[in-house]
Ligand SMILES: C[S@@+](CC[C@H](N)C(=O)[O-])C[C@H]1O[C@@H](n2cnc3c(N)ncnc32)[C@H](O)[C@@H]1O
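Form predicted alone, single chain, as structure tokens, below.
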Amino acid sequence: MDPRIYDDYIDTKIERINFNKVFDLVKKICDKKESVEILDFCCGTGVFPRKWLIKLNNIKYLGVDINSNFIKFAKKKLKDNRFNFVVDDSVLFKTDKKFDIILATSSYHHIKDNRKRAFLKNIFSHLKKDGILIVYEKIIDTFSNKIEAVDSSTQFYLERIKYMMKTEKLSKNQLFALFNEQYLTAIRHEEYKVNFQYFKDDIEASGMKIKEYIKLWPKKILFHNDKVGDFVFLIVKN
């Protein structure tokens, strides 16, 4: 995806609400510390540090993404020596540093299912003993085969897109990005979303546990499964 389209996609009401919650959680941690080291896996175009984290004065940030065009765009848009970006595979990335906060906002679902636990174990290895992993994820319903995966993801995005169209005016770029994400999730190519229990099992198998989770959307019942929607998770080492 063109970095400009991705940036436009993030600039929707529902995504701003979700990233506002992530920022509130980050800020609460930062308010208690003199300095905070943040590692952001699958940082994309750097929209979160550029529009949210820039407000904090006591952080050092490292963003990692495999998309070189996104990283080039991020570096161009955010020229601040507190913020650094590197091109790398988030499953394989290594540094000797340990971090107070690791961010995985819309990251886990971009990792193929057979690499998800390796990704989370890599996060574990870079997290300080008392560090916090903050995850923002879109969680879909349970499925056991390709046809059920199509049904689960299509239903999720149909309701989400309808909600967004009712509550805000979407640009052509935003609509394209949303329906493209629905399509990719349905065919499980570049978008590998899973159900709540699958995510929880992966977290626990990686030596961590969910300390708290917040459901941001939907606020009312849209699905028979209340564990379907947009969630922010606070995760710690076991």
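Since this is a predicted model, take the numbers as computed values, not measurements. Each residue number is its position in the shown sequence, starting from 1.
Another form exists, predicted in complex with this ligand; not displayed. Remarks below refer to it.
Stretch 110-118 is the contacting one of 72-80, 110-118, 164-172, 141-149, since its residues have non-hydrogen atoms within 4.5 Å of this ligand in the model of the complex. Put simply, of L53, C43, V194, I203 only one has a heavy atom within 4.5 Å of this ligand in the model of the complex, and it is C43. In summary, among the residues L222, L25, L216, I10, the only one with a non-hydrogen atom within 4.5 Å of this ligand in the model of the complex is I10. Using a 4.5 Å cutoff between non-hydrogen atoms, I187 does not count as a contact of this ligand in the model of the complex. Taking non-hydrogen atoms only, F231 never approaches this ligand to within 4.5 angstroms in the model of the complex. Although the partner is absent here, Q155 sits far enough away that none of its heavy atoms falls within 4.5 Å of this ligand in the model of the complex. This ligand in the model of the complex is not approached by Q182, whose heavy atoms all lie more than 4.5 angstroms from it. Proximity to this ligand in the model of the complex holds for none of E37, F99 and M208, with the criterion being a heavy atom within 4.5 Å. Residues of 6-32 that come within 4.5 Å of this ligand in the model of the complex, judged by any heavy atom, are Y6, I10, F19 in sequence order.
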